[in-house]
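First, one chain by itself: the form predicted on its own, in structure tokens.
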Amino acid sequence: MRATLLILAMMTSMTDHAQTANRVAPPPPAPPRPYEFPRAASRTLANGLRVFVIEDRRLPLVTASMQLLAGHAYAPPEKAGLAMMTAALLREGTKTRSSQQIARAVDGAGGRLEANAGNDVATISMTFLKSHADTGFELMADIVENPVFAPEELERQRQQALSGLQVQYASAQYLASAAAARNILGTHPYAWPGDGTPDTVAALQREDVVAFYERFYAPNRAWLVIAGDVSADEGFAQAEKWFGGWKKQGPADDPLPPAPEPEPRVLVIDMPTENQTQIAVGQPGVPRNHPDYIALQIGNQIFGGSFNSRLNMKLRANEGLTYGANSYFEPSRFAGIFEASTFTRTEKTADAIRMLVDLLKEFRENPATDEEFAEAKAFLNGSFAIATETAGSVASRVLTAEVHGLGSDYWQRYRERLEKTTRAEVESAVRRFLRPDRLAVTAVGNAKEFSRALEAFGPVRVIPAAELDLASPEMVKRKQ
């Protein structure tokens, strides 16, 4: 018996040693594989629409994606949700097609036709087989140029949106993300909830949608990218055929204000029945065209951008406070957000926030070791090619470069810029950007169990979830 136990102990020790050895000595990152981002041919139509065509013959598919400066930031806060509602209604009926006829035409050709809205832009995209590309372009042009915004379709979309908001407003995770944007950006145009609120969505009128569409949907505020089994000449001919006759003139592209200066503050959304707390800690970020963006992306990959990041390893693996923690930049054209988020048991809320803030302070002082720096660059370099495998993803990146003014050769030189970025540049960018003494802390959970302990991070404001109004400057519903 003693001999058996001794053998088992030796086997266990050998297994532990082997596992430890594997953890200590992971294989080094492989050198980046060759990859060349395809070049786009470009032309501007007489109506101001900027067109880009990327030939990719690997599959018999044609993708077209149009982005217009008609995102959430162009809707007033009392009309939050208007940009999303306008985009959603585009494919729900035109002057010559009903919503059902559009759906049957798309399904019958085995294609895809979508419309949505983000902070800066509304996006309308289609993918069809090469043999049905004409159908796809015709439908796309029809919903962009001839929507009717029928009252019954508006009401149907409204009910769907309100049903979704009812579910989202019961979710601490959703409220933490939406409230964090307000806590970080205040009343900046990017701070308001793009989905709207139950009150703003319920109050939207057809006249609001029509006025928003008439003002912001215009070719001089749009970019069109065509990618896939199509030559440059074929792509430009399709663009001219379907969009060349679109005669509208929208307002000039005026810049939005910069993000506010970061300020230490704590916002607690009280949900007394929750036994966990959703946490978001952040500050205003940078616009997508900021010269430090690549360096900050490398830094974020180290801090909270992967499973083995400093943040996740500390809060999850070492302290057992959560099942997950991450951080990210959300850049838009004129401002952005940097946020680190996690969740934990109610009684550990203050501990988790303290560790997160301390990690950010430590990160600012020591942004990267040589090993972390090499791994982060290898990941971003390797994942870039994987994330641009389809014609749709290539089109999306071309639109990103154009909408954000990154330059026509940005993606061709992206990996070169990434590789040339030095550890010193990452450290310098992180220290210039990160303000651990001016963080906006947002916590959604049982407030009475932790709100007082959060006073160390700034003035604490508690709002009951039932009184929260994300579209109000004060963030609380007006008393009736």
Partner chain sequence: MIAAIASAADAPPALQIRQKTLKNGLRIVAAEDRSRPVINLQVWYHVGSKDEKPGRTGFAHLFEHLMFRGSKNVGPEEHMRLVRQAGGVVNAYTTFDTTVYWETFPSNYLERMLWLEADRMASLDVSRENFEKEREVVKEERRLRFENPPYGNLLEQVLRNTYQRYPYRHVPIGSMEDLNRATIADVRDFHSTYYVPNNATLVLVGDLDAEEAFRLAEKHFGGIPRGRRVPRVRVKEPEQKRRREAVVEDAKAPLDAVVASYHLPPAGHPDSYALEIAASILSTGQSSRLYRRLVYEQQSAMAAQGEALFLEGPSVFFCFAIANPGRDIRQILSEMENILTEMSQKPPAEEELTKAKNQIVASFILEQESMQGKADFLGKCAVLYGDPGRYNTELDRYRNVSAADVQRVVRTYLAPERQTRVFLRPAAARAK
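In this text, the rigid core denotes the largest set of C-alpha atoms whose superposition between the two forms falls within 1.5 Å. Positions refer to the first chain, counted from 1. Every value quoted in this text rests on a predicted model; they were computed, and no experiment measured them.
We do not show the form predicted in complex with the partner chain, though everything after this point is about it.
- Only one of Trp246, Phe379, Tyr328, Tyr410 lies close to the partner chain in the predicted complex, with a heavy atom inside 4.5 Å, and it is Phe379.
- Contact with the partner chain in the predicted complex, judged by any heavy atom within 4.5 Å, is made by just one of Ser177, Asn116, Thr135, Thr187: Thr135.
- The closest non-hydrogen atom of Leu49 lies beyond 4.5 Å of the partner chain in the predicted complex.
- In the predicted complex, Met313 approaches the partner chain with a heavy atom inside 4.5 Å.
- Although the partner is absent here, Val441 lies well away from the partner chain in the predicted complex, with no heavy atom inside 4.5 Å.
- Contact check for Asp233: no non-hydrogen atom falls within 4.5 Å of the partner chain in the predicted complex.
- The candidate site formed by Pro147, Thr422 and Asp469 is entirely out of contact with the partner chain in the predicted complex, as no residue has a non-hydrogen atom within 4.5 angstroms of it.
- Considering the partner chain in the predicted complex, the lone stretch of 208-216, 262-270, 358-366, 383-391 in range is 383-391 [heavy atom distance within 4.5 Å].
- Contacts of stretch 159-196 with the partner chain in the predicted complex, defined by any heavy atom lying within 4.5 Å, are made by Gln159, Gln160, Ser163, Gly164, Gln166, Val167, Ala170, Ser171, Gln173, listed in sequence order.
- When the rigid core is held fixed, the Cα atom of Gly48 travels less than 2 angstroms between the shown form and the other one.
- Superposed on the core, the two forms barely differ at Pro436: its CA moves less than 2 Å between the shown form and the other one.
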